[in-house]
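The chain below stands alone, shown as structure tokens; this is the form predicted on its own.
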């Protein structure tokens, strides 16, 4: 069998009727710099897009293109994969939480998704092409995130990562648990029960078990140091691989996060923050943990997509490597969403979602000039810096 990428290249080289457009849309993208992945770049090279997917890179791009193929010459520009934000609520409020029940692992954020939410357009214009639309942190085991494309609201995966929360918002005096220790015991009992073979057909148990076995990521919202400590202790006890969200006071616990090889989704950084907060991503990298950035801060309903690039630039200034900063915007959140084989990088066979910058994406003096989704240009506007 001929490999997919080779077959695509051979098809492009076959004789074409010059008076007839290609059956599948073909685009050649040539740029001064193409960031294929955080650790892989091309200079003064090209990628080939066919049917919305990257099919050839660099020297593998055939010289002869079919009649009607589009060419995009981006001299002096930088191309990078569309940004991925693993945790978003868009404009949704209480529809994204079931407060009457503290444990709802089987609920899906997809059931509360509004495809006409104006924040989708805001995000894609700011360079965020894929998001994780997640339940809010109003109960301890909140439910399953949904993976969406922002340009049209297309659902890529309805049952993404499992969202949990140990923050104060997940506790309620009207129902248990009312305390952090009660929340920890609820989580302990839920995961223990999910491992019972008799629960195999229970959707709630299945969602928990898949998070426990790594079939889906487990994202835990924590802020205070005690919450971080409790989450890490539970993950060690139950043998879970943690993805922590928020972590306002987690800079105090970097060595432990590194030992657990944790992934941390860091909310927007600001120049007004303390040195230890700005240096948190760099400290995580040095300890062996992974970093992702999110534009969502807490339970706020409005997210600023420009904060992603600002966070990356501030973190680099505080010591984070450029490779880790780019990964925090692309490949790390894509992996959390379970979509790394489709988005977050410009490898063969993956979606041709990419951004065009006037210069280095990590230089805030560079402008986001255009956004392409599946090889098609969308209106773009530089988000506020």
Partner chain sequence: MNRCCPTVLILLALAHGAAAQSDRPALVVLKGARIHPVASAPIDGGVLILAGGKVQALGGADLPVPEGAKVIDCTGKVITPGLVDAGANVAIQPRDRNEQGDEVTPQARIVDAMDPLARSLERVLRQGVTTVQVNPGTRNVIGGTGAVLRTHAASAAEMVLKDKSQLRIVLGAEPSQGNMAIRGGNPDSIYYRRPTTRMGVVWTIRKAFYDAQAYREKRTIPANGAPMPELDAGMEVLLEALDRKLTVRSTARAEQDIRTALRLAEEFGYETVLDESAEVWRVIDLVAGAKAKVLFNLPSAARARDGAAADGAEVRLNTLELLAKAKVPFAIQGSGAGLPLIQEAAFAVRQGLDAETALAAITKVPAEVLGVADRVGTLAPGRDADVVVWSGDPFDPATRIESVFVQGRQVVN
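Because the structure is predicted, anything quoted here is derived from the model rather than measured. Positions refer to the first chain, counted from 1.
Separately, the form predicted in complex with the partner chain exists; it is not shown, and the next lines address it.
* **Stretch in contact in the model of the complex with the partner chain, which is absent here, among 87-95, 230-238, 207-215, 111-119 (heavy atoms within 4.5 Å)** => Every other range fails; the passing one is 230-238.
* Asked: With the partner chain left out of view, which of 289, 247, 278, 219 would have a heavy atom within 4.5 Å of it in the model of the complex?
  -> Flagged contact: 278.
* If you check 271, 100, 200, 154 against the partner chain in the model of the complex, which one has a heavy atom within 4.5 Å? -> In short, 271.
* How about residue 138: is it within 4.5 Å of the partner chain in the model of the complex, going by heavy atoms? -> Output for residue 138 is no: heavy atoms all beyond 4.5 Å of the partner chain.
* With the partner left out of view, is residue 297 within 4.5 angstroms of the partner chain in the model of the complex by any non-hydrogen atom? -> Answer no; every heavy atom of residue 297 is more than 4.5 Å from the partner chain in the model of the complex.
* Asked: Should residue 195 be counted as a contact of the partner chain in the model of the complex, where contact means heavy atoms within 4.5 Å?
  -> No, no contact at 4.5 Å.
* Asked: Should residue 317 be classed as touching the partner chain in the model of the complex when contacts are defined as heavy atoms within 4.5 Å?
  -> Result yes; residue 317 sits at the interface with the partner chain in the model of the complex.
* Asked: Can you tell me which residues in 238-271 come within 4.5 angstroms of the partner chain in the model of the complex, by heavy atoms?
  -> Contacting residues: 251, 252, 253, 254, 255, 256, 271.
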